[in-house]
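Okay, so here's just one chain, in structure tokens, the form predicted alone.
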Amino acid sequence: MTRDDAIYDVMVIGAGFAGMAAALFASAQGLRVVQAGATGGIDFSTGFIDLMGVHPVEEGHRWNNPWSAIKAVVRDCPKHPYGLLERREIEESLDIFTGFLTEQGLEYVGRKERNTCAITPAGTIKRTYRVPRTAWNGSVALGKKAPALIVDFHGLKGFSGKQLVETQQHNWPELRSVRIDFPGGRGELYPEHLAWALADPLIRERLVASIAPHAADVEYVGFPAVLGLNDPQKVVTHLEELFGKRIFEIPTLPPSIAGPRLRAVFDRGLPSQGVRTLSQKLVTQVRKMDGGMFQFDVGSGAARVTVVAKAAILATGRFFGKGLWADREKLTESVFGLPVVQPENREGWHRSEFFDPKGHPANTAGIEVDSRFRPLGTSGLPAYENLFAAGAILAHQDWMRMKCGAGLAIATAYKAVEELNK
């Protein structure tokens, strides 16, 4: 028999943006929460929080106002998950989520009614809704076309200041770059190692001394996002004091530091909120118990644990988070065996051209939910009264191409928690 004190109110299955957000929102509601899941997309994130940036995807139309974009998406794609949400719910979810990040030392900023133009590792510009405070000055400098210097380092892969400048040379003529040796660095360098090194104020002083001769006539200095792991704003503030310049970060190609920063925030912040985290453990089996509760086997071998919960939130993502699994014939939901909305046959998964502007039908595959975000079974009714879903596992959205991934994950997680707590 399971003792009452071993029963959780909700099991969150997934450790990406949706899973982390669901665990945060549920704990804030006073629920007893346990979370399990493999590495999710959060670990490979640029650190930006997209809300809605591109629609229609085949036209590549980019929106400055994400709320207008959402209205257009819901009008043109009525089954898109945003169609089940009110603006108030989306705004509240983002405020709570970014407020938690700020409390944990990772501040996010942006404009309420507009997307922010942010610089990508490739030197292109994307529209996103919230950016880390450490990246904000880059958007300001871009908007002003201010004199700026991009710094990169010999031996660091996945980031090229020269490429950034070449990509932006017609749009931002006073942008230039310099490549230097990182203080004490030799051979191939990795973002995490640089971030740990820059925790030392003496390393920061040596870094500024190396760059200063190249930065006399610029207002802004941009770096790859390696300016500290646990307290990047402290590193940025110190560099600004040493330089007398405004400093900003640009994400590197994955794996970057932006993802581990977010992961570290939740690894230390969720347990302090009372969440039991079963890190890097997959749900291997689920059973429905008498009384309607779920019993989960989590992990395998000697490390396997059994968890009982009154309700569950499925936030496993798609293929990367192991929420969907593909064989030679069909796409399958991996935990509950829920029906997956997908093309009728494998030939319909992808279009003939890899870079087809319409994207691929498999990108919108996923599970359908009712108005309360409960996954539907084969009958078209909720498969379980106490199972909810959030994030990329939801059908009828192409989060990567629409540029709505993190915002969609956070907002649907908020709604799922609200519904299960009714």
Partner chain sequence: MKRLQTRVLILGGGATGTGLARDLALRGVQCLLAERRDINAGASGGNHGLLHSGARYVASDVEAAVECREEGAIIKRIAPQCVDDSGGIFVAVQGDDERYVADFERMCAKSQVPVRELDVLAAREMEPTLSDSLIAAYAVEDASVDPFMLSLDNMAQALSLGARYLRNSKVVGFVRDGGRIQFTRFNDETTGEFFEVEAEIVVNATGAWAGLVAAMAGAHINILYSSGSLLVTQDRITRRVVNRLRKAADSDILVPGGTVSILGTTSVTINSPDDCRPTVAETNLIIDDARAMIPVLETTRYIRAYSGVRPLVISGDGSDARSVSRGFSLIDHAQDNVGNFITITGGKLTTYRLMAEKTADVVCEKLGVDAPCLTRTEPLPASSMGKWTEPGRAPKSWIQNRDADDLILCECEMVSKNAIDSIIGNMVGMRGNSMLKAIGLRSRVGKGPCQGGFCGLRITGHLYDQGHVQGGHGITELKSFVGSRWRGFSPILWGLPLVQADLQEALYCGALDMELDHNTEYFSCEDDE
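Residue numbers count along the first chain shown, from 1. What you see is a predicted model, and the numbers here were worked out from it, not measured in a lab.
Another form exists, predicted in complex with its partner chain; not displayed. Remarks below refer to it.
- Comment: 167 to 175 is the region of 198 to 206, 278 to 286, 85 to 93, 167 to 175 lying near its partner chain in the predicted bound form, near meaning a non-hydrogen atom within 4.5 Å.
- Among 237, 295, 120, 273, the residue placing a heavy atom within 4.5 Å of its partner chain in the predicted bound form is 120.
- Contact with its partner chain in the predicted bound form, defined as a heavy atom within 4.5 Å, holds for exactly one of 334, 98, 160, 342, namely 160.
- The candidate spot formed by 193, 263 and 268 is out of contact with its partner chain in the predicted bound form: none of the three has a heavy atom within 4.5 Å.
- Among residues of the shown chain, residue 125 is one whose heavy atoms approach its partner chain to within 4.5 Å in the predicted bound form.
- Its partner chain in the predicted bound form is not approached by residue 245, whose heavy atoms all lie more than 4.5 angstroms from it.
- Contact between residue 397 and its partner chain in the predicted bound form is not found at the 4.5 Å heavy atom cutoff.
- By the criterion of a heavy atom within 4.5 Å, residue 64 is counted among the residues contacting its partner chain in the predicted bound form.
- Residues from 340 to 379 that approach its partner chain in the predicted bound form with a non-hydrogen atom closer than or equal to 4.5 Å are 346, 347, 349, 350, 351, 352, 353, 354, 355, 360, 363, in the order they occur in the chain.
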